[in-house]
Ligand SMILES: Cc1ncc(COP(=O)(O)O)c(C=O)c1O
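Okay, here we've got a single chain as structure tokens, the form predicted on its own, with questions on binding and movement later.
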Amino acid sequence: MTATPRLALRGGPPVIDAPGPHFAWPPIEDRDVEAVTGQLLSAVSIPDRSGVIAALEDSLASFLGVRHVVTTCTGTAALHSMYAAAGIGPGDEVIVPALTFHATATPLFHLGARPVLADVDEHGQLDLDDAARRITQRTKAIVAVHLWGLPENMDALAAFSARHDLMLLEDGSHAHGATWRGQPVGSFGRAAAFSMNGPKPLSAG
């Protein structure tokens, strides 16, 4: 039996010996620099729905197959805006997966609502049996979080939300372009929020 070489971490030979960094995201091309420079020369701030903001919102609406897209300053602000627009407020409860980034839950506190954590299965998908046990008279919505580009089972979630008379909301921060049975995530529920900061699949600024 051939001995397994030690990992580089433990003093063995490294598999990659080229100096880092080995990968950079997002890729910045000349046309990106030109676009940003052009915008700076035009205006630093866009106070209304015009210019690149309108172009981005219209393109995203077309891509997702939804009627409205509103940009915000961060993905956290998008989640906060989604919850507020959905009418979630003081005393309401919203079921969110226990495995997610904290911003899926924390904006609810600002609205006087309460996030209720439900377990996930071995694949990171929301455990609907556990979610069902957490429904009370105050439960108003359930959030599908599509972590790492992997869509939730939207057939099951849509049926669950309809059966329990809950609003279905989506956090697609990691899942731009992902689909469930050919339909884009972010187009199933009452509303959805996305993030476009540096490490996300779709980056913007």
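Source: prediction; values computed, not measured. Just count from 1 along the sequence shown to find any residue number.
One more form of this protein should be noted, the form predicted together with the named molecule, which is absent from this view; the next part is about it.
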message = If the criterion is a non-hydrogen atom within 4.5 angstroms, does every one of 79, 100 and 104 touch the named molecule in the predicted complex?
response = yes
note = Interface check vs the named molecule in the predicted complex: of 60, 145, 154, 167, the one with a heavy atom inside 4.5 Å is 145
query = Based on heavy atom distances of at most 4.5 Å to the named molecule in the predicted complex, which listed stretch, 118 to 126, 71 to 79, 86 to 94, 131 to 139, is the contact stretch?
reply = 71 to 79
request  = Find out whether any non-hydrogen atom of residue 176 is located within 4.5 angstroms of the named molecule in the predicted complex, and reply yes or no.
outcome  = no
inquiry  = So in the predicted complex, is the named molecule close enough to residue 197 to count as touching (4.5 Å, heavy atoms)?
reply    = yes
